[in-house]
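First, one chain by itself: the form predicted on its own, in structure tokens.
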């Protein structure tokens, strides 16, 4: 198998290290440019199972705001992001919504929950 050089920008911390990785298939042979161990772990994860956090909004019926922000509790597989967003678009919560409420449990069978990230009181609670 031939070796390939791939470039990554690490997103695990604010430094944003530019990483040069030498890979053979999905095996990492060498990584250069990393300021910490997290960069090496990031490249290995990107090659084998890339994951991302997802943040978006959900409709809220009867709330002081029409939308509630939500997020995934842990990162989900990158190829499943658009499937998850399609599922979230189908949801309409009923106010009140509380910070930390589980909006979707075990989203798409990934074991990752989608949680509310803000309190949205009902219109009657706001007066």
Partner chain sequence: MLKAKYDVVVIGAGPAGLAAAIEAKKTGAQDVLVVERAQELGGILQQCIHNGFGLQIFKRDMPGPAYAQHFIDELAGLHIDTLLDAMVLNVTSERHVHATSRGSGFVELDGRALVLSMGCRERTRAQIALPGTRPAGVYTAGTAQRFVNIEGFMPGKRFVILGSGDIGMIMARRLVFEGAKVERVLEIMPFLTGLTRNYVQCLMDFDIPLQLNHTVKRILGNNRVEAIESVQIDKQRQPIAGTEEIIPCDTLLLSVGLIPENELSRKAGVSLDPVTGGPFVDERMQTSVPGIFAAGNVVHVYDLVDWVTEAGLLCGRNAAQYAIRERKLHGRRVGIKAGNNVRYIVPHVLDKESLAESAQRLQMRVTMPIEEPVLIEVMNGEERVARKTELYVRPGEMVNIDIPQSAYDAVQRASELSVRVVRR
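Positions refer to the first chain, counted from 1. Every value quoted in this text rests on a predicted model; they were computed, and no experiment measured them.
Below, we refer to the form predicted together with the partner chain, which is not included among the displayed structures.
Student: Taking the partner chain in the predicted bound form, would 11, 78 and 119 all count as contacting it (heavy atom within 4.5 Å)?
Tutor: Judged in the predicted bound form, 11, 78 and 119 all sit within 4.5 Å of the partner chain.
Student: If you check in the predicted bound form, is residue 96 within 4.5 Å of the partner chain, heavy atoms only?
Tutor: Taking the distances in the predicted bound form, the answer for residue 96 is no, it never comes within 4.5 Å of the partner chain.
Student: Using a 4.5 angstroms cut-off on non-hydrogen atoms, would residue 62 count as touching the partner chain in the predicted bound form?
Tutor: Residue-level check for residue 62: no, no contact with the partner chain.
Student: Looking at the partner-bound form in the predicted bound form, is residue 85 within 4.5 Å of the partner chain by any heavy atom?
Tutor: Yes - in the predicted bound form, heavy atoms of residue 85 and the partner chain come within 4.5 Å of each other.
Student: Does the 4.5 Å heavy atom contact test between residue 67 and the partner chain in the predicted bound form come out positive?
Tutor: Residue 67: yes, in contact with the partner chain in the predicted bound form.
Student: Exactly one residue in 30, 26, 89, 37 has a non-hydrogen atom within 4.5 Å of the partner chain in the predicted bound form; which is it?
Tutor: Result of the distance check: 89.
Student: Let me know which residues along 16-31 have a heavy atom within 4.5 Å of the partner chain in the predicted bound form, or say none if there are none.
Tutor: The stretch touches the partner through 16 alone.
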